[in-house]
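Read the single chain below, which is given as C-alpha coordinates and is the form predicted alone.
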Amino acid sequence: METIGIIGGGSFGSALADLVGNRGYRVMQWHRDAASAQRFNELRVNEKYLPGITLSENVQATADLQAVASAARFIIVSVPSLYFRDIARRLGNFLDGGHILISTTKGIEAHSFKLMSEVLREETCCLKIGSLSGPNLAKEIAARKPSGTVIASQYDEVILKAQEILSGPYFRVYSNHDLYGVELGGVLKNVYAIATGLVAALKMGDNTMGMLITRALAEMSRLAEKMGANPITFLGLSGVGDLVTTCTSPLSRNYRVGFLLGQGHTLDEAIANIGEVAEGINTVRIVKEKAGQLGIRMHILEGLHALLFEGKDLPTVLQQLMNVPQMQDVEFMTRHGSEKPGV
(Lines give C-alpha, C1' and ligand atoms only; values in the text may rest on other atoms or scores of the structure.)
Protein backbone atom coordinates (compact mmCIF):
# COMPACT_ATOMS: atom_id res chain seq x y z
CA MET A 1 0.00 0.00 0.00
CA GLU A 2 1.60 3.28 -1.13
CA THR A 3 1.85 6.01 1.50
CA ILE A 4 0.73 9.56 0.72
CA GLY A 5 1.71 12.49 2.94
CA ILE A 6 -0.54 15.39 3.85
CA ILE A 7 0.86 18.36 5.73
CA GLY A 8 -1.90 20.14 7.61
CA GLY A 9 -4.65 19.12 10.00
CA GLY A 10 -7.26 21.67 8.91
CA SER A 11 -10.51 21.12 7.08
CA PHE A 12 -9.16 20.77 3.54
CA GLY A 13 -6.15 18.68 4.52
CA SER A 14 -8.47 16.34 6.43
CA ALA A 15 -10.98 16.14 3.57
CA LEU A 16 -8.19 15.17 1.17
CA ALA A 17 -6.76 12.69 3.67
CA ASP A 18 -10.14 10.98 3.82
CA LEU A 19 -10.50 11.03 0.02
CA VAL A 20 -7.04 9.53 -0.53
CA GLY A 21 -7.54 6.98 2.24
CA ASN A 22 -10.79 5.88 0.63
CA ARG A 23 -8.89 5.41 -2.63
CA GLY A 24 -6.89 2.65 -0.94
CA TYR A 25 -3.74 4.54 -0.03
CA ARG A 26 -2.13 4.75 3.38
CA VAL A 27 -2.15 8.39 4.50
CA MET A 28 0.17 10.04 7.00
CA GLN A 29 -1.31 13.40 7.98
CA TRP A 30 0.87 15.88 9.84
CA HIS A 31 -0.74 17.90 12.65
CA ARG A 32 0.98 20.82 14.37
CA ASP A 33 0.99 19.22 17.81
CA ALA A 34 1.15 15.70 19.17
CA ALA A 35 -2.01 16.08 21.26
CA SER A 36 -4.08 16.90 18.16
CA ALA A 37 -2.61 13.94 16.28
CA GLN A 38 -3.26 11.56 19.18
CA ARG A 39 -6.83 12.82 19.57
CA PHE A 40 -7.53 12.20 15.90
CA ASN A 41 -6.03 8.70 15.99
CA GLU A 42 -8.25 7.83 18.94
CA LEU A 43 -11.51 9.21 17.50
CA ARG A 44 -10.87 9.22 13.71
CA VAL A 45 -12.69 12.57 13.70
CA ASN A 46 -11.27 16.06 13.20
CA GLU A 47 -13.43 17.59 15.93
CA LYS A 48 -12.49 21.21 15.23
CA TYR A 49 -12.72 21.38 11.44
CA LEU A 50 -14.88 18.45 10.29
CA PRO A 51 -16.99 17.54 13.31
CA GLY A 52 -19.25 14.53 12.98
CA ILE A 53 -17.41 13.06 9.97
CA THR A 54 -15.49 9.83 10.56
CA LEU A 55 -12.43 9.71 8.33
CA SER A 56 -10.92 6.70 6.57
CA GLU A 57 -9.23 4.01 8.64
CA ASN A 58 -6.24 4.39 6.33
CA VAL A 59 -5.44 7.86 7.73
CA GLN A 60 -2.84 8.05 10.51
CA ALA A 61 -2.04 11.39 12.17
CA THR A 62 1.44 12.36 13.36
CA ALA A 63 3.31 15.45 14.57
CA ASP A 64 6.58 14.23 13.03
CA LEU A 65 7.45 15.91 9.71
CA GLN A 66 10.44 13.65 9.16
CA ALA A 67 8.26 10.57 9.49
CA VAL A 68 5.95 11.87 6.75
CA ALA A 69 8.83 12.74 4.43
CA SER A 70 10.46 9.34 4.96
CA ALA A 71 7.29 7.37 4.32
CA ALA A 72 5.75 9.34 1.43
CA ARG A 73 7.10 10.38 -1.97
CA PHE A 74 3.94 12.29 -2.87
CA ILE A 75 3.14 15.02 -0.34
CA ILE A 76 0.25 17.50 -0.27
CA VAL A 77 0.88 20.71 1.68
CA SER A 78 -2.28 22.32 3.05
CA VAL A 79 -1.40 24.93 5.69
CA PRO A 80 -2.24 28.68 5.94
CA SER A 81 0.00 30.99 3.91
CA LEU A 82 1.14 32.81 7.06
CA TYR A 83 2.94 29.66 8.25
CA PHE A 84 3.67 28.13 4.86
CA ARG A 85 7.32 29.17 4.44
CA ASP A 86 8.33 28.08 7.92
CA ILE A 87 6.72 24.67 7.53
CA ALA A 88 8.10 24.26 3.99
CA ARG A 89 11.60 25.04 5.29
CA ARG A 90 11.27 22.50 8.09
CA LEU A 91 9.87 19.88 5.71
CA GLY A 92 12.64 20.63 3.22
CA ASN A 93 15.24 19.31 5.65
CA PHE A 94 13.88 15.80 5.07
CA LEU A 95 13.20 15.83 1.32
CA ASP A 96 15.18 14.81 -1.75
CA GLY A 97 14.69 15.52 -5.44
CA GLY A 98 12.45 12.50 -5.87
CA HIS A 99 9.57 13.89 -3.82
CA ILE A 100 6.50 15.37 -5.50
CA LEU A 101 4.97 18.33 -3.66
CA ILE A 102 1.45 19.68 -4.19
CA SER A 103 0.22 22.93 -2.61
CA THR A 104 -3.46 23.48 -1.91
CA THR A 105 -3.00 26.81 -0.07
CA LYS A 106 -4.82 29.73 -1.70
CA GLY A 107 -2.75 32.61 -0.37
CA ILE A 108 0.10 35.00 -1.18
CA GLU A 109 3.17 35.70 0.93
CA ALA A 110 2.82 39.27 2.13
CA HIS A 111 6.34 40.70 1.78
CA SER A 112 7.29 38.96 -1.47
CA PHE A 113 4.04 38.43 -3.43
CA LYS A 114 5.17 34.84 -3.86
CA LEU A 115 2.66 32.05 -4.42
CA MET A 116 3.01 28.87 -2.42
CA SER A 117 4.48 26.81 -5.27
CA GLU A 118 7.26 29.41 -5.47
CA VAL A 119 7.85 29.13 -1.73
CA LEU A 120 8.12 25.33 -2.04
CA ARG A 121 10.66 25.77 -4.81
CA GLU A 122 12.74 28.13 -2.69
CA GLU A 123 12.60 26.19 0.57
CA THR A 124 13.03 22.62 -0.70
CA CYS A 125 15.24 20.82 -3.20
CA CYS A 126 12.17 19.60 -5.11
CA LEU A 127 11.44 20.55 -8.71
CA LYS A 128 8.36 18.35 -9.16
CA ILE A 129 5.85 20.81 -7.74
CA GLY A 130 2.18 21.42 -8.48
CA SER A 131 -0.89 23.22 -7.23
CA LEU A 132 -4.39 21.90 -6.64
CA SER A 133 -7.16 24.46 -6.98
CA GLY A 134 -10.84 24.66 -7.85
CA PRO A 135 -14.35 24.92 -6.39
CA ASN A 136 -13.45 22.65 -3.49
CA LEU A 137 -15.35 23.20 -0.25
CA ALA A 138 -13.86 20.83 2.29
CA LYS A 139 -17.12 19.83 3.96
CA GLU A 140 -18.69 18.85 0.63
CA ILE A 141 -15.68 16.75 -0.34
CA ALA A 142 -15.73 15.07 3.06
CA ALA A 143 -19.45 14.41 2.53
CA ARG A 144 -18.50 12.78 -0.81
CA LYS A 145 -20.52 15.12 -2.98
CA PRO A 146 -19.43 15.25 -6.65
CA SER A 147 -16.63 17.80 -7.08
CA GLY A 148 -14.01 18.78 -9.62
CA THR A 149 -10.58 20.34 -9.26
CA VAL A 150 -7.52 21.27 -11.32
CA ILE A 151 -3.98 20.00 -10.86
CA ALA A 152 -1.45 22.36 -12.41
CA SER A 153 2.25 21.77 -12.97
CA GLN A 154 4.88 22.18 -15.66
CA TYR A 155 5.64 18.48 -15.22
CA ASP A 156 3.35 15.85 -16.74
CA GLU A 157 4.59 13.34 -14.16
CA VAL A 158 3.17 15.51 -11.37
CA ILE A 159 -0.18 15.92 -13.12
CA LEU A 160 -0.57 12.22 -13.92
CA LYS A 161 0.42 11.12 -10.42
CA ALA A 162 -2.02 13.57 -8.81
CA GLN A 163 -4.82 12.36 -11.08
CA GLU A 164 -3.99 8.74 -10.25
CA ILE A 165 -4.10 9.35 -6.49
CA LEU A 166 -7.00 11.79 -6.22
CA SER A 167 -9.45 10.91 -8.99
CA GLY A 168 -12.39 8.85 -7.88
CA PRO A 169 -16.17 8.33 -8.08
CA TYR A 170 -16.96 11.70 -6.52
CA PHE A 171 -13.80 13.72 -7.27
CA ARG A 172 -12.67 14.51 -10.82
CA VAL A 173 -9.22 15.99 -11.42
CA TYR A 174 -8.60 18.10 -14.53
CA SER A 175 -5.16 19.20 -15.71
CA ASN A 176 -3.50 22.48 -16.66
CA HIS A 177 0.12 23.47 -17.31
CA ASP A 178 -0.50 27.11 -16.34
CA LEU A 179 0.66 26.66 -12.75
CA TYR A 180 0.82 30.39 -12.01
CA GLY A 181 -2.63 31.09 -13.44
CA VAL A 182 -4.33 28.22 -11.61
CA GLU A 183 -2.71 29.18 -8.33
CA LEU A 184 -3.38 32.91 -8.75
CA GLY A 185 -7.06 32.28 -9.50
CA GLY A 186 -7.46 30.43 -6.22
CA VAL A 187 -5.84 33.31 -4.38
CA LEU A 188 -7.74 36.21 -5.93
CA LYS A 189 -11.28 34.85 -5.70
CA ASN A 190 -11.09 34.99 -1.89
CA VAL A 191 -11.12 38.78 -2.04
CA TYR A 192 -14.40 38.91 -3.92
CA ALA A 193 -16.04 36.29 -1.70
CA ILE A 194 -15.77 38.77 1.17
CA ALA A 195 -17.55 41.35 -1.00
CA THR A 196 -20.35 38.98 -2.04
CA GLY A 197 -20.89 37.82 1.53
CA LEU A 198 -21.39 41.43 2.51
CA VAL A 199 -23.82 41.97 -0.39
CA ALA A 200 -25.80 38.88 0.61
CA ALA A 201 -26.10 40.01 4.23
CA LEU A 202 -27.40 43.39 3.12
CA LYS A 203 -29.92 41.75 0.72
CA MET A 204 -28.85 43.97 -2.17
CA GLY A 205 -30.31 41.63 -4.76
CA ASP A 206 -29.35 39.24 -7.53
CA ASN A 207 -28.49 41.99 -10.03
CA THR A 208 -25.85 43.29 -7.63
CA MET A 209 -24.49 39.80 -7.06
CA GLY A 210 -24.30 39.00 -10.76
CA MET A 211 -22.55 42.28 -11.56
CA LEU A 212 -20.10 41.85 -8.70
CA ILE A 213 -19.05 38.30 -9.62
CA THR A 214 -18.68 39.11 -13.33
CA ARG A 215 -16.68 42.27 -12.70
CA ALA A 216 -14.56 40.34 -10.19
CA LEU A 217 -13.61 37.92 -12.95
CA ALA A 218 -12.54 40.85 -15.15
CA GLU A 219 -10.39 42.32 -12.39
CA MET A 220 -8.78 38.97 -11.62
CA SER A 221 -8.02 38.36 -15.29
CA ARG A 222 -6.43 41.77 -15.80
CA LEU A 223 -4.01 41.25 -12.94
CA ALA A 224 -3.30 37.65 -13.93
CA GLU A 225 -2.38 38.61 -17.49
CA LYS A 226 -0.08 41.38 -16.22
CA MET A 227 1.61 38.86 -13.91
CA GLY A 228 2.23 36.44 -16.79
CA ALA A 229 -0.64 34.00 -16.39
CA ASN A 230 -2.87 32.89 -19.24
CA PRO A 231 -6.20 34.77 -18.81
CA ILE A 232 -8.05 31.87 -20.46
CA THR A 233 -7.19 29.82 -17.36
CA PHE A 234 -9.64 32.01 -15.47
CA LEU A 235 -12.52 30.68 -17.56
CA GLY A 236 -12.00 27.20 -16.09
CA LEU A 237 -12.64 25.47 -12.77
CA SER A 238 -9.76 27.18 -11.00
CA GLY A 239 -11.02 30.60 -12.14
CA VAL A 240 -14.71 31.20 -12.68
CA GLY A 241 -15.64 27.83 -11.13
CA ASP A 242 -13.89 28.58 -7.87
CA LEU A 243 -15.04 32.22 -7.98
CA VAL A 244 -18.74 31.38 -8.27
CA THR A 245 -18.61 28.71 -5.57
CA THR A 246 -16.65 30.79 -3.08
CA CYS A 247 -18.74 33.90 -3.74
CA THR A 248 -22.09 32.19 -3.16
CA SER A 249 -21.59 29.48 -0.53
CA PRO A 250 -22.07 29.94 3.23
CA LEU A 251 -19.47 27.18 3.59
CA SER A 252 -16.82 29.58 2.27
CA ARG A 253 -14.82 31.18 5.08
CA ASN A 254 -14.27 34.40 3.15
CA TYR A 255 -17.96 34.66 2.24
CA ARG A 256 -18.84 34.20 5.92
CA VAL A 257 -16.45 36.98 6.92
CA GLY A 258 -18.21 39.33 4.50
CA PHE A 259 -21.63 38.19 5.68
CA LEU A 260 -20.74 38.91 9.30
CA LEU A 261 -19.42 42.33 8.33
CA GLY A 262 -22.72 43.01 6.57
CA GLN A 263 -24.54 42.10 9.78
CA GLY A 264 -22.63 44.80 11.65
CA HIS A 265 -19.78 42.84 13.19
CA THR A 266 -16.27 44.29 13.28
CA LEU A 267 -13.52 42.61 11.28
CA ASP A 268 -11.94 41.23 14.46
CA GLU A 269 -15.29 39.81 15.57
CA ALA A 270 -15.84 38.20 12.17
CA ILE A 271 -12.40 36.57 12.21
CA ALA A 272 -12.96 35.24 15.73
CA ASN A 273 -16.40 33.90 14.78
CA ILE A 274 -15.05 31.96 11.79
CA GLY A 275 -12.38 30.20 13.84
CA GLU A 276 -10.31 29.40 10.73
CA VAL A 277 -7.99 31.38 8.50
CA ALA A 278 -9.81 33.43 5.84
CA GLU A 279 -7.00 34.07 3.36
CA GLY A 280 -8.92 36.82 1.55
CA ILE A 281 -8.43 39.38 4.34
CA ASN A 282 -4.65 39.58 3.97
CA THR A 283 -4.95 39.12 0.22
CA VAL A 284 -6.90 42.40 -0.04
CA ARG A 285 -3.93 44.31 1.41
CA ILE A 286 -1.28 42.47 -0.57
CA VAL A 287 -2.99 42.63 -3.97
CA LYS A 288 -3.95 46.31 -3.62
CA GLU A 289 -0.29 47.18 -3.14
CA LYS A 290 0.83 45.03 -6.08
CA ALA A 291 -1.90 46.38 -8.38
CA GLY A 292 -0.80 49.90 -7.52
CA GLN A 293 2.81 49.06 -8.40
CA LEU A 294 1.68 47.62 -11.74
CA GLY A 295 -0.69 50.48 -12.52
CA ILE A 296 -3.76 48.21 -12.67
CA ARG A 297 -7.12 49.53 -11.47
CA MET A 298 -9.09 46.98 -9.46
CA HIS A 299 -12.09 49.03 -8.38
CA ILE A 300 -13.91 46.37 -6.34
CA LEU A 301 -10.75 45.37 -4.50
CA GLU A 302 -9.92 49.02 -3.84
CA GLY A 303 -13.40 49.59 -2.44
CA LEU A 304 -13.11 46.56 -0.18
CA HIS A 305 -9.73 47.79 1.07
CA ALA A 306 -11.26 51.19 1.87
CA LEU A 307 -14.04 49.48 3.81
CA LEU A 308 -11.83 47.04 5.74
CA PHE A 309 -8.70 49.09 6.41
CA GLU A 310 -9.29 52.77 5.65
CA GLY A 311 -12.31 53.42 7.83
CA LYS A 312 -14.72 54.29 5.00
CA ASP A 313 -18.39 53.38 5.38
CA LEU A 314 -20.28 51.14 3.00
CA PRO A 315 -22.55 53.79 1.39
CA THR A 316 -19.48 55.88 0.48
CA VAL A 317 -17.67 52.91 -1.02
CA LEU A 318 -20.71 51.82 -3.04
CA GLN A 319 -21.22 55.32 -4.39
CA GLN A 320 -17.59 55.48 -5.46
CA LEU A 321 -17.88 52.14 -7.25
CA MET A 322 -21.02 53.17 -9.12
CA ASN A 323 -19.44 56.48 -10.14
CA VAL A 324 -16.31 55.04 -11.75
CA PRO A 325 -15.93 56.80 -15.14
CA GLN A 326 -17.27 54.31 -17.65
CA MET A 327 -14.35 54.58 -20.05
CA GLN A 328 -12.08 53.53 -17.16
CA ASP A 329 -14.27 50.52 -16.42
CA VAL A 330 -13.48 48.66 -19.63
CA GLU A 331 -14.41 45.01 -19.85
CA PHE A 332 -11.33 42.83 -19.87
CA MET A 333 -12.83 40.83 -22.73
CA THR A 334 -13.36 43.88 -24.98
CA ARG A 335 -10.31 43.31 -27.14
CA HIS A 336 -11.51 39.77 -27.75
CA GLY A 337 -14.73 41.06 -29.32
CA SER A 338 -16.98 40.96 -26.25
CA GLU A 339 -18.97 43.81 -24.72
CA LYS A 340 -18.01 47.40 -25.46
CA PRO A 341 -16.71 49.85 -22.84
CA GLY A 342 -19.51 51.37 -20.82
CA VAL A 343 -22.17 49.00 -22.16
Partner chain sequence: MPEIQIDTTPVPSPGITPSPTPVSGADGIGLRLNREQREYVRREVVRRTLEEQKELCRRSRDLNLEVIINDAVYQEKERLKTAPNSKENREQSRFWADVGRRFHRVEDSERESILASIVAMYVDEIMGYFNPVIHNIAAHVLPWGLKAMLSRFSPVNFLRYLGSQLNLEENLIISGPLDQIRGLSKRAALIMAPTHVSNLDSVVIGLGLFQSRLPPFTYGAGLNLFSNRVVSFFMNNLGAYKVDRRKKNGIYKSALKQYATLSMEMGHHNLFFPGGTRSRSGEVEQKIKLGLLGCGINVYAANLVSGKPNPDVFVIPCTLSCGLVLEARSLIEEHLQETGKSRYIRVRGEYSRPMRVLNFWRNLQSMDSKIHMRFGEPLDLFGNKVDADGVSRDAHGRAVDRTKYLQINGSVTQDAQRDQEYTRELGRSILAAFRSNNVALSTHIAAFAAFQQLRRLHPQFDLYRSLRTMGSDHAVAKSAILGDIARLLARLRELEREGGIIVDPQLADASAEAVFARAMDHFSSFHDGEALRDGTTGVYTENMKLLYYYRNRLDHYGLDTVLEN
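Small disclaimer: the values here were computed from a predicted structure and weren't measured. Numbering follows the first chain given and starts at 1.
Although it is not shown, the form predicted in complex with its partner chain is what the next lines describe.
Within 4.5 Å of some heavy atom of its partner chain in the predicted complex lies at least one heavy atom of residue 124. Under a 4.5 angstroms non-hydrogen atom cutoff, its partner chain in the predicted complex has residue 160 among its neighbouring residues. The closest non-hydrogen atom of residue 112 lies beyond 4.5 Å of its partner chain in the predicted complex. Although the partner is absent here, residue 92 lies within 4.5 Å of its partner chain in the predicted complex, judged by heavy atoms. With the partner omitted here, the stretch from 197-205, 150-158, 182-190, 243-251 that lies within 4.5 Å of its partner chain by heavy atoms in the predicted complex is 150-158. The contact residue chosen from 169, 97, 264, 210 relative to its partner chain in the predicted complex is 97, the criterion being a non-hydrogen atom within 4.5 angstroms. With the partner omitted from this view, the residue of 139, 128, 215, 222 that lies near its partner chain in the predicted complex is 128 [heavy atom within 4.5 Å].
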